[in-house]
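Single chain ahead, written as structure tokens, the form predicted on its own.
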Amino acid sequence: MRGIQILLFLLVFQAWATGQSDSPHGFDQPYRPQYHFSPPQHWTNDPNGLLYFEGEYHLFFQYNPFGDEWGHMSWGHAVSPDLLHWQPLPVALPEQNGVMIFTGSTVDDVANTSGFCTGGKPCMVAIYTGHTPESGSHPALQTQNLAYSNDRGRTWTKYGGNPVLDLHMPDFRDPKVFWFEPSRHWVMAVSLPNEHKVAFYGSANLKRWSRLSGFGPAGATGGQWECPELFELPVDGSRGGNRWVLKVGLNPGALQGGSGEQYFIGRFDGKQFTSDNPASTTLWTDYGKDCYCALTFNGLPKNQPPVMMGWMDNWQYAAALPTSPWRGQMTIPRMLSLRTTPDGIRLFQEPIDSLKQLRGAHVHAANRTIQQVNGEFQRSPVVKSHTYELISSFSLGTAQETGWRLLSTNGSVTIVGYDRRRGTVFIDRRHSGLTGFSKDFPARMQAPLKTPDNVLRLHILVDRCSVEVFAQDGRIAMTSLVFPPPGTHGLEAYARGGNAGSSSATLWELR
């Protein structure tokens, strides 16, 4: 049996290593993202085990080492010094003995509570769902398991006492684990998908877990609950105390169809999460169709705000995306904050500050009409890029709709705009280019947005096949895949139903 396990690991390692050189065009395929993470080849979905450890950001992710469709789920692995430049590493946790490695988390066991660490140094411990598929008369089984590494995540050993948590259920998955200092114990938030619940467990050593409490059903319950995440944030920069955010994935049944994510704001005492809002309240983390199973990094320095990263896709059409030799990518890492709004405390998201490192040539137009903004942009070579960052503000004036036409050419266009009559910001990709690979892909996505000062502020990231929008300083986040004709870069501001007032915009090419 040991020989079979070694052979399987070598096959998985060879499949990953081959992927480093098999792509004849490197990372320059027509739809290959340039500043978002994607694996060299093959399938990826959920980010897993996000961890900052000894100066490196670790991204693990659901990965099929053998093809570009879902299957043989293992943990792929990449590391980065800055959350932008990623170095692919060999598969960390391979499928073994028919047990797939589903979503989970990784922690820095600083005090060696697990007993896995050697040499008097902290070690990395992964907590993941082991998935045994249905076979004959045996139903599927999902359990929670451990693996550990004493060499900064380069090699891993699965714990001989696995599983550490087994409810004998086919749907019981996606543990998020973190250290809760006031009670000095580990906390696990794990999903009971069909019950629309998150269960909380506690442990002193990561090996023995006892149930603490549960949360749900609440909010949206139209599909399975997955990928729970629990973290603490100050409100209004600590002026309003702290709150906890419980984020839960939903598939299907999300706001825009298919998969999406909601969040709850409340308090956590180390055992029980209590929401501040009625159970009927539904708050969405992202109003686009393409951000799922977003997780925060464990182990960040204390002065660094939480950073979240998600899978940029939707289960409605993930298997049909027109990319090769890879399929699947991640969102830009996002800084998180809680701010008080007229509707209550809400989650805000903004691109990480280090994205500014990638800025190259730029063009800036300040206090201009929309026509003047377009004129200055068209005179700049920067507008010919299809990997860029765009920050703008529009005084709405009398316009009933205003925004940007992106990635446009010969009738293909993606529109990001604000509909004043409806009070919604939107992304319209119905005519964005290649859309016929799925009936669910053409869509106009919208989010409610108030503009009390009659100024629309948009922060837009474009990276060949994706558009990420952050409106009103991050109050609304919207993520959308798009597949325009290769090389498309048309860009212009627009207004309809009246005239927009004074407008300003800056466009940076991102290297």
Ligand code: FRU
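Keep in mind the model is a prediction, meaning the values are calculated, not measured. For every residue, the number given is its place in the sequence shown, counted from 1.
FYI, the form predicted together with the ligand isn't displayed, but the following is about it.
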Fill in the blank from the handout: the ligand in the predicted bound form has a heavy atom of only one listed residue within 4.5 Å, and of F102, W209, F231, W404 that residue is F102
Handout entry: The single option of A254, M73, L295, A92 touching the ligand in the predicted bound form, heavy atom within 4.5 Å
Key = M73
Problem - One stretch from 170-178, 354-362, 116-124, 154-162 that, in the predicted bound form, holds residues within 4.5 Å of the ligand by heavy atom - result: 170-178
Practice task
Using a 4.5 Å heavy atom cut-off, state whether D46 contacts the ligand in the predicted bound form.
Solution key: yes
Exercise for the section: Find out whether any non-hydrogen atom of Q62 is located within 4.5 angstroms of the ligand in the predicted bound form, and reply yes or no. Expected result: yes
Handout entry: Exercise: W315 in contact with the ligand in the predicted bound form, heavy atom 4.5 Å
Key = yes
Problem - C227 within 4.5 Å of the ligand in the predicted bound form, heavy atoms - result: yes
